[in-house]
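A lone chain, given as structure tokens: the form predicted alone.
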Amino acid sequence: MKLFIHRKDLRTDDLTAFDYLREQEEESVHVLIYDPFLLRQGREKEHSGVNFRRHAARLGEQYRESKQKLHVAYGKPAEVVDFILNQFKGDITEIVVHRDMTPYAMERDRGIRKVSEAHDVTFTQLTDHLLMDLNGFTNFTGKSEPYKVFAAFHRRWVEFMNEHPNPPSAATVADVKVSDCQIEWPEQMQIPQELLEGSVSDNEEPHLLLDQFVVNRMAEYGEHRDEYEAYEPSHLSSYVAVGAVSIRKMYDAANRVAEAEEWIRQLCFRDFYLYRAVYESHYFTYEKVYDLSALHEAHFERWCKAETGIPIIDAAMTELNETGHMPNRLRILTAMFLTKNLQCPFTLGEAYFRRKLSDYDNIQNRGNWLWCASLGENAAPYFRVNNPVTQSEKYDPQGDYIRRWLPVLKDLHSKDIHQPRKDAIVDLKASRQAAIDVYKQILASRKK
């Protein structure tokens, strides 16, 4: 018998593990673990935690609709696994999971592996959330060193995917021999009531969202995606973040239509950040590689509370705080404003987005913040400091986005609505020059 543990794969179709389990032709026990570490410090009530909880609820519904059994537990994953293996008294011979690349995930899996070895059980890690095969791509490129710049990576990635496609699987949980055995969880491993309250499942079908986007809006993506008020995105990012939709199905759908290159390029960017997380030694520790002591937290709270006095920044932060959503163009703008104009350490903004973004993904979020802060191998030049006023004027000339999220400004003329308020916490021109001077020193401080 096998034990399959759901993590960032909250769906019941096109899972690498389902293909693997079907080939094994053995029964498998399926478990979802609510990890207290990932829901600590009130995160379960923030947008990112709510997104996980609603998709976890939907996963349970999908299992029931397929007449299959999903066990749900609460606790440290290694302790939950140890309990399960003890309950089954040698019947389970293999644990199957999908691999994750974050520092916590690797530490968690070392703990699970230690437990599995103590029980003489095989621990198998499969890859599900990458489009490309990492080892296959490395062999394909023939490079001894990993790619550091996206443009070069992108060219080879396109070639690799054309020659080595990764098509979606037709297998679903209904095709797997899921055991209907019962597990009597001890009280401490039962889901706390507060995690179940308000966990209304998401009734929107991600494949329908994908089909609608492919048919109606994908062709316009390359030209209009930065027009954050006028252009409607795919609305799939919160599903991708928890694996509630297959990245392979997204790529496959895009490949079937013309003018999808720019959207596919964004899927490549996602692979690039995952690739960097594996091969770039300082990806999760750049704050220790550079001397960031010249930065400060003076304006951080004002940024969080949408009280900077820069209309587009405050509008974007208001949307984030109220809904958990923020257009990609504005994520870059707010992040660069915090790190450059306000000279705040990127780690504070990164942590704030971790709680507030419905579609939070550790690796993707960190990659974006490193880029905006000009740190790491693939980052914006230190002298790039986007002007929020000109960006607002360019991508939303009438200021409709600002009017929607800052109704107090709704009656202003379109020429005035983008401009800093009288109480703005920084002067954009002066803070830009100061940022250039400071970040030039920061980059020079990099430890060898």
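Here the structure is a predicted model, which means the values were calculated and not measured. Don't overthink the numbering: it's just position in the shown sequence, from 1.
Beyond what is shown, the protein has a form predicted together with a small molecule; the following relates to that form.
Enquirer: Only one of 284-292, 167-175, 355-363, 67-75 has heavy atoms within 4.5 Å of the small molecule in the predicted complex; I'd like to know which.
Expert: Looking at the other structure, the answer is 355-363.
Enquirer: Select from the listed residues 157, 273, 228, 251 the one whose heavy atoms reach within 4.5 Å of the small molecule in the predicted complex.
Expert: Residue within 4.5 Å of the partner: 273.
Enquirer: Report the residue, out of 299, 235, 113, 207, that has at least one non-hydrogen atom within 4.5 angstroms of the small molecule in the predicted complex.
Expert: Looking at 299, 235, 113, 207 one by one, just 235 meets the 4.5 Å heavy-atom criterion.
Enquirer: Should residue 183 be counted as a contact of the small molecule in the predicted complex, where contact means heavy atoms within 4.5 Å?
Expert: No, residue 183 sits far enough from the small molecule in the predicted complex that none of its heavy atoms falls within 4.5 Å.
Enquirer: Applying a 4.5 Å heavy atom distance criterion, does residue 138 contact the small molecule in the predicted complex?
Expert: Judged by the heavy-atom cut-off of 4.5 Å, residue 138 is well away from the small molecule in the predicted complex.
Enquirer: Please check if residue 368 has a heavy atom lying within 4.5 Å of any heavy atom of the small molecule in the predicted complex.
Expert: Yes, contact at 4.5 Å.
Enquirer: Do residue 98 and the small molecule share at least one heavy atom pair within 4.5 Å in the predicted complex?
Expert: Looking in the predicted complex, residue contacts with the small molecule do not include residue 98, since no heavy atom lies within 4.5 Å.
Enquirer: So, a 4.5 angstroms cut-off on heavy atom distances: do all three of 221, 326 and 332 pass it with respect to the small molecule in the predicted complex?
Expert: Every residue of the candidate spot has a heavy atom within 4.5 Å of the small molecule in the predicted complex.
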